[in-house]
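As structure tokens, one chain now follows by itself in the form predicted alone.
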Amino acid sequence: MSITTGDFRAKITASTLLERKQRQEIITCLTAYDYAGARLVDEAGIDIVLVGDSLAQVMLGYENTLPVTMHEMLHHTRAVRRGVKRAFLVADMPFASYHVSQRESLRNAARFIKDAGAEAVKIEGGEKRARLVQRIVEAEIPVVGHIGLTPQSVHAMGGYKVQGKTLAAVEQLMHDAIALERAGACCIVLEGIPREVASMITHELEIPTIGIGAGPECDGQVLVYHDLLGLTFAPPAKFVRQYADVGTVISNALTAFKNDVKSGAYPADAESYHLPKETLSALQTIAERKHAVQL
């Protein structure tokens, strides 16, 4: 695959992503959860900004993605929307927001578009979600699929385990991918599956695949913002490449601030405001008069 050669400033849409696949241009994707992070990701020229339900862990301190609510996801999506101008903005539908009825699921999907400004929603699951994906797409809402290691199924899977290791599992993943494409998904995230399987799926589909722990043959790659920057408190997964140790930079800065405050080095005179000379002179005159009276 070649590197991206399109207009850096052009707005990314679902159609853009399909064109990238057809031209064999790599797609980039990162998560973002707030205004500042979203601006940095967008201004770096990343193609897709995903408000991932991973915010449950990296922003809210939950043990996994399951507890995060619609209210929390919408809140963070709104913040990210205000920081994104160019990238295609996708929001994760949280656990239990699309598992009950199609009517309620469609309503929740629409809230991400109408109330929070997302341009697509992401749903975990393959064949069993195909009809729902079709219904949401029929409502003019782009859908990103997600198969392989699906974190919302952590209990059903018995933990965060690589998927697609047997012939039967590989066949099911292929069925899942094709079902999502036929249902109208605009692209599919492939997570935690063998490189060879991801390559097969990518070559089979006409829509783009976005890999995370799925090898380099996918049409694009995604990482969690905090993982990339070293802002997590747990050992990273095998597929994570840490591009900076921002956590250590922040920790050192916080310690330096504490030490400067305790020693009196902060704030310095240059970091303090001063009275105008006229006001200061008047106060000194008043103080001198009071002192004279006391004498």
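Keep in mind it's a predicted model, so treat the numbers as computed, not measured. The first residue of the shown sequence is 1; numbering continues from there.
What comes next is about the form predicted in complex with 3-methyl-2-oxobutanoic acid, which is not displayed.
Put simply, of A118, C218, V189, V133 only one has a heavy atom within 4.5 Å of 3-methyl-2-oxobutanoic acid in the predicted complex, and it is V189. Put simply, of V84, A179, V224, I207 only one has a heavy atom within 4.5 Å of 3-methyl-2-oxobutanoic acid in the predicted complex, and it is V224. Looking at 247-255, 263-271, 48-56, 34-42, the stretch with residues near 3-methyl-2-oxobutanoic acid in the predicted complex, meaning non-hydrogen atoms within 4.5 angstroms, turns out to be 48-56.
Within 4.5 Å of any heavy atom of 3-methyl-2-oxobutanoic acid in the predicted complex lies no heavy atom of H76. When contacts are judged by a 4.5 Å heavy atom cut-off, H146 counts as touching 3-methyl-2-oxobutanoic acid in the predicted complex.
3-methyl-2-oxobutanoic acid is not shown here, but in the predicted complex it comes within 4.5 Å of a heavy atom of K122.
A residue is said to contact a partner when one of its heavy atoms sits within 4.5 Å of a partner heavy atom; I212 meets this definition for 3-methyl-2-oxobutanoic acid in the predicted complex. With contact defined as any non-hydrogen atom lying within 4.5 angstroms of 3-methyl-2-oxobutanoic acid in the predicted complex, the stretch 240-278 contains no contacting residue.
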